[in-house]
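To begin, one chain is listed below as structure tokens, in the form predicted alone.
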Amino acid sequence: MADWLAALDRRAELRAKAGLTRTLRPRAAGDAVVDLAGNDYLGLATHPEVTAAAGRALSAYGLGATGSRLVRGSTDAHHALEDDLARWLGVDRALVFSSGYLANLAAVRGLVQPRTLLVSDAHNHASLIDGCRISGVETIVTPHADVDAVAAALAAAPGRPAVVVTESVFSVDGDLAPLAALHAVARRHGALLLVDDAHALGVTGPAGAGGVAAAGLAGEPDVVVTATLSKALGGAGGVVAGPAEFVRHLVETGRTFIFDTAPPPAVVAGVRAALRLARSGDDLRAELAERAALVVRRLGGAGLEVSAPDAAVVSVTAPGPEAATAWAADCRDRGVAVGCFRPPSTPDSRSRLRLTLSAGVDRADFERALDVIVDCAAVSARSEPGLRAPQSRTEDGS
């Protein structure tokens, strides 16, 4: 009976030799680490208006929602947030889930029929990849941000229902998908477009309404938007937004909606307060853009390979998984938290540090953190000063 445990130990040893061990590291409330790893882009997770709204709802409703949305979990707070999200995104309706991951699983599964073809970008998030897998239909993975490849895949399947699946701002390198071009190709072939706006919502677009709105696609009847509520809105949960008919379909058939406990009302109320702040946060978005440009200048000028960010995600290439792990650990030892992305979490077998910028981090601390990242970089991570990593748009990882 212990053989299976021994097998797990052996697999852990192999991951360790490859530099792929992952470790949970608890953090204390109010720790002094400069956070360039979290996703609180606008610094709203601890905003007084947000925490006050959550506190009032906590007193009114209690700790949890006590049930699924279709049983007892739907409160007036949930419905008010959905109305606010729909107005912000410019769509008919929005539906709130307990996580962005579950929202993506529901959206992909809800869009497919038995003969549907899914055309998925190679750099898509794991939740979209898993949504494609559990849908049980044919999926073609196209090279990253390659509109021509998407067009070819659709053209090769005439008459079949199809869905083009993409992120707006990609979570790996922070680059923006060519959404307008993808939508034009999808519409030409009668396909739908599903966009995960997680890293763009609150950061890009008019009033922070995200990448879909920035591309002029808000409210299009053949576009469905998903996002998390855990990044720029500083809370937790997910949303699927689009035509009213599709949202109704998810309410009646979406397994990750029907059979999951609803998000806590306190979190929902806090997110709703964060949404109001995000809509009027053009100054915060301008600060993020300025900081992203500074990262490229400072790290690129030091000879590090840096992605050209379109929002608040910046990746810095590491020589390999072990070097990335050591680099991130050295930064952490000097009081700076950075993301560490290694295969199989990366779609192209490249290891990276991922920096996620927050307007809530003190500017002086932010600039000091950049110096720490440069100081801790391995010599092998540097190239000629000023070089930046190419946008890996033709790589076909999965």
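In this text, residue numbers run from 1 along the sequence as written. Since the model is a prediction, treat every value here as computed from it, not as a measurement.
Below: the form predicted together with a small molecule, not depicted.
A.B. asks: When the contact criterion is heavy atoms within 4.5 Å, does Phe246 count as touching the small molecule in the predicted bound form?
C.D. replies: No, Phe246 stays farther than 4.5 Å from the small molecule in the predicted bound form.
A.B. asks: Any of the heavy atoms of Tyr101 lying within 4.5 Å of the small molecule in the predicted bound form?
C.D. replies: Although the small molecule is absent here, Tyr101 would touch it in the predicted bound form, with heavy atoms inside 4.5 Å.
A.B. asks: Check Ser230 for me: does it contact the small molecule in the predicted bound form (non-hydrogen atoms, 4.5 angstroms)?
C.D. replies: Contact check for Ser230: yes, within 4.5 Å of the small molecule in the predicted bound form.
A.B. asks: Indicate whether the small molecule has at least one heavy atom within 4.5 Å of a heavy atom of Ala198 in the predicted bound form.
C.D. replies: Output for Ala198 is yes: heavy atoms within 4.5 Å of the small molecule.
A.B. asks: May I ask you to choose, among Gly234, Pro265, Gly237, Gly211, the residue with a heavy atom within 4.5 Å of the small molecule in the predicted bound form?
C.D. replies: Checked against the cut-off, the match is Gly237.
A.B. asks: Just to be sure I understand the contacts: of Arg93, Arg285, Arg109, His125, which is the one whose heavy atoms reach within 4.5 angstroms of the small molecule in the predicted bound form?
C.D. replies: Checking each option against the small molecule in the predicted bound form, the one that comes within 4.5 Å is His125.
A.B. asks: So if I measure heavy atom distances to the small molecule in the predicted bound form, which of the stretches 270 to 278, 101 to 109, 174 to 182, 299 to 307 falls within 4.5 Å?
C.D. replies: Correct option: 101 to 109.
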